[in-house]
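Before any questions on how it binds or moves, here is one chain, the form predicted on its own, in structure tokens.
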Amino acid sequence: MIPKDIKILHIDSNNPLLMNQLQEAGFTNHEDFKSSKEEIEAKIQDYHGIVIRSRFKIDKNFLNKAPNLQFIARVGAGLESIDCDYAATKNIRLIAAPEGNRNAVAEHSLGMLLSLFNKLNQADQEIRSGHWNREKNRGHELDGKTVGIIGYGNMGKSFAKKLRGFDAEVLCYDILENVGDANARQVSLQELQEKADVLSLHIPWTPETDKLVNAAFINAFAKPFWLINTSRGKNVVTADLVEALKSGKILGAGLDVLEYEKLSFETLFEEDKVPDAFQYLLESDKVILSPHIAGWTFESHEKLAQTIVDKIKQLYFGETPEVKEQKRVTGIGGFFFKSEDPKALRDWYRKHLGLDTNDYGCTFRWKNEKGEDCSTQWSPFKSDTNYFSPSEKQFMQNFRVEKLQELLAKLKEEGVQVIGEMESYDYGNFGWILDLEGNKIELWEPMDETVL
């Protein structure tokens, strides 16, 4: 089929760019934001694609009435409102956009965590009521804590990246193997429960995750902990959470989602009566609540729509979004050389040339013609060092790079000899390669992005 023959039905409002760009690409677009599910089912046989958010469930009955449907695109991260298994039997492509709001979710998660640690909501309300209680509102620092992330996909990885600026240990648990990276060490669920001071959920709602955080799960943690949930409300048993808050097993909770939400996310309760457990959350100063908005920023509204457009176009045209070629080297990282007495030499350079030296040498910082922050490291090493090995030269080159893990993988594909595995420290990620003459080159991805 050519695009003009492909009819797409939009049943939820989204950023205008979604409709506009699909129209420009030649697709035929219709919108219907008000009709009931039954009314949509009566005409869905005329469409090849449907774009949804969460207005109603796309179940087996709906899919049986859509014989020409080729794709379902959800402008969001999760697909729980769709009978995915049955859609697969009908060769219907499912499209979601977790890339579009992962940054928003990560920032919201971090904001909730810091607000809990520093009792910002409680302190704000007390001051507005005329109370100045400093000791009562003494907070905690994230530095030195261990943060456990369950679910290390788009959202979990983005949250871990936000934590890089804190001196905190970050652990992740996922049902997939080898998903850990420089920002989080993958561990077993048991190890996470033994060490975590904070638990942040970034998992979909599935039969496996439904009611995951219950009394038994909570009690398996070795220490009292703070809970952040920006995933799905039904992953947490609210009544068990409340009991843990009362006992002190959970020190505080930041909840962007609740198990009482309707599927549409537009209203809160299935029934008019407010559950007792939720009433406790409303009255507790240990809890921060928000109405399922972690991924719902002005920026993500646009990113979600753009991601869906790109994936639909890729489905029909094989196009991928235009990606700017990554700069492999962003600057000279440093000048590293051998010395008989590195400490004495550093002291000499400090005394006579005014270099601001430390145990690592000296860092020169400046701005280039574009106003970008730059720096170069000067470091002497002892003459018997093996740091340069197997380089044939008496010095070693160091280049600053971006996205080191991806770069090392590309270099391996190109036949470049990579030495060992990437190593991570609090000041950056490191990898090593050899040039044509066997000279060792160190690749450095600094944690401090201002020096890139």
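Keep in mind it's a predicted model, so treat the numbers as computed, not measured. Throughout, we count residues from 1 along the sequence that is shown.
As for the form predicted together with a small molecule, it is not shown, yet the points below apply to it.
- In the predicted complex, at least one heavy atom of Ile150 sits within 4.5 Å of a heavy atom of the small molecule.
- A residue is said to contact a partner when one of its heavy atoms sits within 4.5 Å of a partner heavy atom; His140 fails this definition for the small molecule in the predicted complex, lying far away.
- Using a 4.5 angstroms threshold between heavy atoms, Lys313 stays clear of the small molecule in the predicted complex.
- When the small molecule is considered in the predicted complex, Asp174 lines it closely, a heavy atom lying within 4.5 Å.
- The single contact residue among Leu241, Leu192, Ala305, Ala77, judged by any heavy atom lying within 4.5 Å of the small molecule in the predicted complex, is Ala77.
- Proximity to the small molecule in the predicted complex, defined as a heavy atom within 4.5 Å, singles out one entry of Ala196, Val257, Ala87, Ala184, which is Val257.
- Only one of 121-129, 290-298, 372-380, 246-254 lies within 4.5 Å of the small molecule in the predicted complex by heavy atoms, and it is 290-298.
- By the 4.5 Å heavy atom rule, the three marked residues Pro98, Val105 and Arg232 all count as contacting the small molecule in the predicted complex.
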